[in-house]
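One chain comes next, on its own, written out as structure tokens in the form predicted alone.
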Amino acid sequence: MKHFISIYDIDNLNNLVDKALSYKLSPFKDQTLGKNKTLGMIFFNPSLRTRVSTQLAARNLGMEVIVLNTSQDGWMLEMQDGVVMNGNNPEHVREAAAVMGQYFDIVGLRSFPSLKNKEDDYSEQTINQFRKYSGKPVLSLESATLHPLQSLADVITIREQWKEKRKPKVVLSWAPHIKALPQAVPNSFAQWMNTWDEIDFVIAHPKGYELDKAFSQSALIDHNQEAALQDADFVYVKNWSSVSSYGKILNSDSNWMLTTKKLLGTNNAKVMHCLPVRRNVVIADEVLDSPSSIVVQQAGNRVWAAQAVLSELLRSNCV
């Protein structure tokens, strides 16, 4: 594994999940793998679970960790090549990324979309510039379009929960929110579910919230949430803003909030969410506080997802 930006950077999904689960059983079995190696984590946007879980994973492997919040700890970076730098950004990514490549063995990067221009956001300029100029493995801590560490944790959680021989039905369901949110988590989840041939996958959302076909691919789309949830084994609840009317809120219909009543037609479905979640807007209290909710287990698995990926990056690039 040279970088970890999407599912296409891994050779075998099931093997990576097995590795993550083995770390969950024995967190310190490779505690010298990252000795004398440093993970630099650069945050252009805030983080809780991604930041803490990845730090813990790195330390389980014996790595040093340095965290930079660019709004507080560094200069604002110019990402465009060939520009005259007479604006507000005093440093170019060419130098900044190259210097960080001198300091770090693995570069972790988190950057959100602007939700103003789809072409700009979906070009993934920030993460691609660091890949180009740092000279080191780049680990996505969430980008403008994808959140692969979250998706790996999601797969781990489904694998842990599912004990039957048949394929589970997994539904990604849109939910209302008070503001426009990125498509990174649903894009990434759809990409991983479409690649994982051990599940049946459905996406439910109101009209106008279609994901980019590069990520939704051939997934079954249903604009009727109740119909989509029928016989579901897992329901992944997440808001996202429109792609076609880029970054816009087209519908705030509270009827799309997940409630206990909506779970009645499922196969005692387990409920997932990447967190943070707005209670009684996205998911009702009655669901989040019930045995159906596995959001805390899902968040806990972020450590083992990150540890599995870091170990692969270390073995491939640094050892």
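Don't overthink the numbering: it's just position in the shown sequence, from 1. Everything quoted here is computed from the prediction, not taken from an experiment.
Heads up, the form predicted together with N-(3-carboxypropanoyl)-L-norvaline isn't pictured, but that's what we're talking about next.
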* Asked: Since exactly one of G101, P168, P206, P182 fits, which has a heavy atom within 4.5 Å of N-(3-carboxypropanoyl)-L-norvaline in the predicted complex?
  -> P182
* **Position in contact with N-(3-carboxypropanoyl)-L-norvaline when the complex is considered in the predicted complex, options I66, V52, L275, L250, heavy atoms within 4.5 Å** => L275
* Verify the contact flag for E142: yes if a non-hydrogen atom of it lies within 4.5 Å of a non-hydrogen atom of N-(3-carboxypropanoyl)-L-norvaline in the predicted complex, no if not. => yes
* Should W162 be counted as a contact of N-(3-carboxypropanoyl)-L-norvaline in the predicted complex, where contact means heavy atoms within 4.5 Å? -> no
* To do: Decide whether F112 counts as a contact residue for N-(3-carboxypropanoyl)-L-norvaline in the predicted complex under a heavy atom distance cut-off of 4.5 Å.
  => yes
* Using heavy atoms and a 4.5 Å limit, would one call H92 a contact residue for N-(3-carboxypropanoyl)-L-norvaline in the predicted complex? -> no
* **Heavy atom distance at most 4.5 Å to N-(3-carboxypropanoyl)-L-norvaline in the predicted complex, all of K37, R59 and K136** => no
* Residue stretch of 284-292, 27-35, 267-275, 254-262 approaching N-(3-carboxypropanoyl)-L-norvaline in the predicted complex, non-hydrogen atom distance within 4.5 Å -> 267-275
* Residues in 150-178 close to N-(3-carboxypropanoyl)-L-norvaline in the predicted complex, defined by a heavy atom within 4.5 Å, in order -> H177
